[in-house]
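Let's start with one chain on its own, the form predicted alone, as structure tokens.
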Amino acid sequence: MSVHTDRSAVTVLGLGPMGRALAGAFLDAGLRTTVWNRTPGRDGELVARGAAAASSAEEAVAAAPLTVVCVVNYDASDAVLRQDAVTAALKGRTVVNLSADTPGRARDTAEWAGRHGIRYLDGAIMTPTPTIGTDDAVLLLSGPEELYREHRPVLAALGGSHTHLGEEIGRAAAYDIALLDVFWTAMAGYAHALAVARAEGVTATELAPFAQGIGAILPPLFAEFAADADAGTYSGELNPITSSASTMAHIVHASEAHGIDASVMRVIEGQARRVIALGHGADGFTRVAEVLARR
């Protein structure tokens, strides 16, 4: 069997912490794994475990029918994949891009790949590095279903759950952006809460169990409000946005009394006030999603 059609071979481009975890999972699964990174010196441990170190990106992608890319963003992946020699070597092969970027960049990359005879899947990794290769990993992929099914046995080495979101290539990135939006706004809220609590003499350790309790409230609310939002009802039966705006104002006032920047909460309160001004004061907070989307 030629290297080009050897389904037990895979190449990983990008050896940051996540790229090294991906390559390690492929090695653990017994796959012939070739690795390459723009900055030398990150492949030592992987080579010691049996990976082949390519001297160039062109050599790396030519070593397997499937190349998995995991770099910081699509500017970085473009800088590697769109070199003429690399592009030529990829013709007829498959690229799975697990780098993070926007749906528009995913569509642009898919269009580029199609022009050059490269088969393309776009994806997102939704769990941290230590989960890779374990049951806790969560990967999202989009693109041609037949192509996904063809490479699913190799990608299974990454562990956990793999969800094919459909053939529209930007779907995985769309989920990624939306879910990261949830994560980083929550983390920003937590960081601000720590500052306010500290100003009132409450340590982070003292606050932590109660913060965890607040966090535990959110998952069922996400599920409950999803159907509400899709139906366009935005029910405020349990907590109308007029009540929400009042508590937001308390946070702003308490923060600024201690000289703590409350600009993020001021923006959120402003969104709530806008909903109220538009006559939706009896609705729930998720009405903000509909108002934000108005042009």
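Residue numbers run from 1 along the displayed sequence. All of these numbers come straight from a predicted model, not from anything done at the bench.
Separately, the form predicted together with a small molecule exists; it is not shown, and the next lines address it.
Heavy atom within 4.5 Å of the small molecule in the model of the complex: which of Thr102, Thr163, Thr129, Thr87? Selected option: Thr129.
Here the chain is shown alone; which of Val80, Ala113, Leu140, Val96 has a heavy atom within 4.5 Å of the small molecule in the model of the complex? So the residue touching the small molecule in the model of the complex, by this definition, is Val80.
Is there a heavy atom of Ala272 lying 4.5 Å or less from a heavy atom of the small molecule in the model of the complex? Output for Ala272 is no: heavy atoms all beyond 4.5 Å of the small molecule.
Residue-level contact is defined here as any heavy atom of the residue lying within 4.5 Å of the small molecule in the model of the complex; does Ala25 satisfy this criterion? Ala25: no, not in contact with the small molecule in the model of the complex.
Any of the heavy atoms of Ser55 lying within 4.5 Å of the small molecule in the model of the complex? Contact check for Ser55: no, nothing within 4.5 Å of the small molecule in the model of the complex.
Although the partner isn't part of this model, could you tell me whether Thr39 comes within 4.5 Å of the small molecule in the model of the complex, counting any heavy atom of the residue? Looking in the model of the complex, residue contacts with the small molecule include Thr39, since a heavy atom lies within 4.5 Å.
Site check Pro17, Val72 and Ala76: each within 4.5 Å of the small molecule in the model of the complex by heavy atom: Per the other structure, all of Pro17, Val72 and Ala76 touch the small molecule.
Heavy atoms within 4.5 Å of the small molecule in the model of the complex: which stretch in 187-195, 152-160, 120-128, 211-219 meets that? Among the candidates, contact is made by 120-128.
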